[in-house]
Every structure is written in C-alpha cells, then in structure tokens.
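As structure tokens, one chain now follows by itself in the form predicted alone.
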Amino acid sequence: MNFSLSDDHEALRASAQNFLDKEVDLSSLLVPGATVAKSGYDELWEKIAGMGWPGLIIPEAYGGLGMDYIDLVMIIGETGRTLAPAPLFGTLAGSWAILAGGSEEQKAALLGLVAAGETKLAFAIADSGGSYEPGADEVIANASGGEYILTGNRSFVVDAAAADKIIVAASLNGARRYFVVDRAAVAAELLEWRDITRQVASVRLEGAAAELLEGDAASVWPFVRNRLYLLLAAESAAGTQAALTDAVDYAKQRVAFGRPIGAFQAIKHQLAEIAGQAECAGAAVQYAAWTLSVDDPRATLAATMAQSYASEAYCNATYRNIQVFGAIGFTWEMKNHLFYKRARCNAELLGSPRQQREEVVSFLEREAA
C-alpha cells in the first residue's frame, strides 16, 4: 500500500486548482444577507461540465472517464478548498445511485447524458427528521398502468433545485425502491441552509410519474453512503488545510505589541493543532479513496472514519481560524464565515461525527463476531 501520489494525480490536482482559482468568485456572497441564489451555480456548472468532471466516476462503457476514487478526491479537494458553488455533489450522488441500482439499459441511457454534461442529478433519500435509513420513507410509490406514481416529501436534498432529474427513494409495497423523476414533475423549495455556497432543498411530489431503477435496491444506499462520506471528507480535509493556510498568512502579517501575532505562543499552539489535524484528515481521505478504488472489504469502515474525523477537524479549524483573525474574522466581508458554515454543514449533512463513530463501533463489533 503506497500513499504517495503519482505524477498524474499531482497534475490532475494542479489542473483543478488552476481552473477553480480562476473561475470561482465568492465576492457576491461577502455581503450582509447574501443567499445561495447569488452564488452563480449555473454559470460555474457549465464550465465544470466542459472540464469533464461530471463523468469522472462514470465507467468508460457508459461514456465517462472511468477514473478511480483517488483521482476523484484530487478534484473534490479543490472544490472544497475554493467552496466552488455548483451542483457537482448532487450529480455524483445521483450517478452512484444509478450505478448501484440501475439496469444496464438505464445506466447506458442516463449516465451517458450525465458524462456529457447534459444532465444534472440529485439524490433524494432523507426524511423530514434527517434520517436516511429504510423505514423512514415518507414517499409512497404506486403502480399505475405501466408506470409508477410517487407521492410524498423528501428533505435536505442537495442540488435538487438545479437538477434535471432526481433519484428518489420511495416505499413500494412496503420495501424501499429507487425511482428516476424529472425535476419538472416535482416542487423543490430551497431551504435556508447555513452554507450559502451549496443549494439544499425540500422536495414535494404530488403524483409525479417515475421510472423504477430495476437493479438491486438493497445495495444502493450503502454504496452511495460510503462514497458521499468520502466526498464530504475530501472537501473537509481540503477545507481544513485552506483554513490553516489562511490563518498562518494572517498571523504573519497582523502585528500587535510590535510583533506579528504568529510569534505569540497562544497563536502558535492553535495553528500547530490545526496542522496536525489537517495531515491526519488528508491521510484518512487518501486511505478511504484507496479502499473504495480496490473494493477493499474495509471500505465502509475507512470511509466512515474519514468522514467522522475530517468533518470534526474542519469545524475545529474554521472556528480557530476566526479566533486567529479576531474581530475582523466575524464580518460578512471576510470569507472566514463561508468556510465555517461549510464545515458545520458537512459535519451534519449525513449525520454527526458522533453518529459515524457509532457506525464504526458497530462495524468493528460485527467484524469481531
């Protein structure tokens, strides 16, 4: 097992870094009262699609690039570092749901459009209480002639408002199944989400026509969950490093009592702690990416641990970043609050770090039995 990045991985990350540094502009969000509606979601997406990123994880057989998960975290790390506002999260989640639960015909028809940048996706599975597990289904599917009709609500759906199609979890004859619904057939209302660089919506379905994914429904959520854990962990690890870099630069420039504040022990200790957590988070992400790439039996454990650790580290780093900046770090005009909000949301979107540690314990207990 070698965690050294190859030249290709470094080049991929550098390419993403150069692209996003040029294209991501958060200035419209650095004013009081800014909302996600001002973030430029659609404009950036068109450029991201031109880079081929929607097809990163789609196999070549369906028109994608067929890259592995180490390749993916090179890109996702940079989107996390820059807080790139675009519907990539939802599109990846929906693609994974189709890969896990679609028939060969459905994969070929849907994923080819995604890889070409012509279709954006979202994945709707959470209930109103934030649960993702079976038994919490608030959407009911009924067969009607040769099609299915969905009725009910889904909450906390990332990128639903921007999507062209939404993959919806619903109860069919008492069992969870997954369906493809046209965005135009549902009502998506943007939530007042703390993180204004990411669209999160509630979805209401009132007799929406849907196409049933014909594959193994039981495998869909575990497959998607592990990969979303990796995605959030990669964002969080890169965000932790960005918060550290920002705080170090400021600590070198800001002078108090005749010295840069970085010379004071209290500041040094905080920065050293962030630095250590950033290294550990990065290592956890790379290990989880490797396990998923090689289909290692411990991939679920690795992805869960990575998300638990990296998201908590990100919260700590962004909090301490604001402390280092002092009063100015609390203002709307500075970007510190955008990273802090992303960190808090990443740590709660799929369950808290504490919940994920409970999942780790359960996994280890099953393994030992």
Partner chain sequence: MTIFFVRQVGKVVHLVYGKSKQLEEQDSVMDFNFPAQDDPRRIEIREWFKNHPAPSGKQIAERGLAAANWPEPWGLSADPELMLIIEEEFARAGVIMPAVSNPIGVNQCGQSLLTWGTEEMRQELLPPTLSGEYLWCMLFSEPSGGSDLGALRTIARRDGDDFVINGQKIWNSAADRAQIGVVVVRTDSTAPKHKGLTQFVIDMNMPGITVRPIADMTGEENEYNEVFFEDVRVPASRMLGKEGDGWQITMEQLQTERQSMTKPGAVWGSGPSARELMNGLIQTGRIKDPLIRDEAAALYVEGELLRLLSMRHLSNKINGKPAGIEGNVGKMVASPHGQKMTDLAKRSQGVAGMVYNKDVLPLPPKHFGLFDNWDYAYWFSPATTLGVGTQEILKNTIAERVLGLPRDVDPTARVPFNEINKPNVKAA
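Positions refer to the first chain, counted from 1. In this text, all values refer to a predicted model and were calculated from it rather than measured experimentally.
A second form of this protein, the form predicted together with the partner chain, is not displayed here; the remarks below concern that form.
A.B. asks: Which one, Pro260, Pro134, Gly112, Gly152, lies within 4.5 Å of the partner chain in the predicted bound form by heavy atoms?
C.D. replies: The option sitting close enough to the partner is Pro260.
A.B. asks: Hey, of 179-187, 279-287, 78-86, 93-101, which bit sits against the partner chain in the predicted bound form at 4.5 Å between non-hydrogen atoms?
C.D. replies: So the stretch in question is 279-287.
A.B. asks: Determine whether any heavy atom of Ala217 comes within 4.5 Å of a heavy atom of the partner chain in the predicted bound form, and answer yes or no.
C.D. replies: No, Ala217 sits far enough from the partner chain in the predicted bound form that none of its heavy atoms falls within 4.5 Å.
A.B. asks: Would you please decide whether Ala37 lies within 4.5 angstroms of the partner chain in the predicted bound form, comparing each non-hydrogen atom pair?
C.D. replies: Residue-level check for Ala37: no, no contact with the partner chain.
A.B. asks: My question is simply whether Ile70 lines the interface with the partner chain in the predicted bound form - judged by any non-hydrogen atom within 4.5 Å.
C.D. replies: Yes, Ile70 lies within 4.5 Å of the partner chain in the predicted bound form.
A.B. asks: Check Leu244 for me: does it contact the partner chain in the predicted bound form (non-hydrogen atoms, 4.5 angstroms)?
C.D. replies: Flag for Leu244 set to yes.
A.B. asks: In sequence order, which positions of 22-36 have a non-hydrogen atom within 4.5 Å of the partner chain in the predicted bound form?
C.D. replies: Lys22, Pro32, in sequence order.
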